[in-house]
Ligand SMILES: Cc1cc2nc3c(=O)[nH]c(=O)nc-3n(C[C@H](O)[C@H](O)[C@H](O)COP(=O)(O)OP(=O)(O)OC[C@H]3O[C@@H](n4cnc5c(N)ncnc54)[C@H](O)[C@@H]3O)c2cc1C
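The data below hold one chain only, encoded as structure tokens and taken in the form predicted on its own.
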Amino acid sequence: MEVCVIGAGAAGLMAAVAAAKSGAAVTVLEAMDKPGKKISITGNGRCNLTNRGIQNAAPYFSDAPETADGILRGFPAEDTVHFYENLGLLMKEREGGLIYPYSDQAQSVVNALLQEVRRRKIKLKCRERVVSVEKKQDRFYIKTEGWHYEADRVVLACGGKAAPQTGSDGMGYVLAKSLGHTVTEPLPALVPLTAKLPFGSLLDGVRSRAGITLRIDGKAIAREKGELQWTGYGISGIAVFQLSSQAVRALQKKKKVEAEIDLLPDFTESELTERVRDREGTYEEILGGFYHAKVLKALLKEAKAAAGEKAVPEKIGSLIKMSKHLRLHLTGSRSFEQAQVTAGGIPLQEVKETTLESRKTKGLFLAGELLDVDGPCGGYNLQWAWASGYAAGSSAGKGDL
């Protein structure tokens, strides 16, 4: 059995190892000059490779959550840990079940995978950008910019469109469409969001702890608490990333999308009001201990309160309320260049539930970010890559399906 894996990212390398383990002769074609480029930059170069808290597909976004759930249960986070332990990778666990290489270097994960690729005698061809895949009778014919290959089965694991500098240029969608698949519009996810800022770029670069409630057509959909980074174009930070997938999907459907910011998420409005009761002085003197100086300046500007002005109790109350319920109208997101993953892609309804074999072209398998599945920060997206790569690769490498 000859298997050609297109893409040497997380899902592709896992698929290649799984196919070889199933007894297939495997060739991996990678457009970039090195394999695993996106792995090497994940987690700011530290690579949160999985999360022991992942139990099912509930935290993910997908067109077919039952299928995603089955794939994740078929190769759970614990299997990922055992897989890398067997490759000799030393790991450590952080709060919340997040698993990292002990070295804190993502390249350690890539090196462990490549060592297994060599051990399994998998052929890895870099600088081989695939431009077409055709199936004639029972064989696939794969053409690159410089050569051509043949295989009994093909695993498409080319990634989506996020971080195109790592090789995810959307070519996987073109290849999948040529083999009969449809594509749900790819959108940037785990990405900064653009917004109409009432105080302009005054807070550009300021980081603060905040609670963020995502509102779609006025209804509260989700809430996150964590670091918020203000930018000249809108908002960023982990808490924003966690909400971005839902936000971009709603914006694509022309819905009204707002972020309600709570600048003091660890205190109730009544607790804050009690703390300033009977205090006198300027707004800066009374509230200076609550906020970052630039945040307070922005709030005062929005409330039309002059700097150095003697505080009025009623306006103090309105400032506190504003800081607990500051609403921003979201207008979009930054580009794929700043996105960590892609929302959208090939619908899971177009692949078989347990094998990820195409329902459109027999012998074709799809894995990873190419499929319409995306999850939050915290190892979720890499776990999907490992699990889907394993399912597709092990199935492609077997005998008759």
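As the structure is a computational prediction, the values presented were derived from the model and not from experiment. Residue indices: 1-based, along the sequence shown.
Another form, the form predicted in complex with the named molecule, is not on view; read the next lines as being about it.
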Select from the listed residues Thr282, Gln115, Thr166, Ser103 the one whose heavy atoms reach within 4.5 Å of the named molecule in the predicted bound form. Thr166
Work out which of Ala77, Leu175, Ala305, Leu203 lies within 4.5 Å of the named molecule in the predicted bound form, going by heavy atoms. Leu175
For Glu258, is any heavy atom within 4.5 Å of the named molecule in the predicted bound form, or not? no
Close approach of Val17 to the named molecule in the predicted bound form, 4.5 Å, heavy atom: no
Taking 4.5 angstroms as the cut-off for heavy atoms, does Ala10 touch the named molecule in the predicted bound form? yes
Does the named molecule get within 4.5 angstroms of any non-hydrogen atom of Gly43 in the predicted bound form? yes
Tell me which stretch of 344-352, 357-365, 64-72, 34-42 has a heavy atom within 4.5 angstroms of the named molecule in the predicted bound form. 34-42
Candidate spot Arg52, Ala391 and Gly397, all three touching the named molecule in the predicted bound form (heavy atom, 4.5 Å): no
Checked 148-164 against the named molecule in the predicted bound form; residues with a heavy atom within 4.5 Å, sequence order, are Ala157, Cys158, Gly159, Ala163
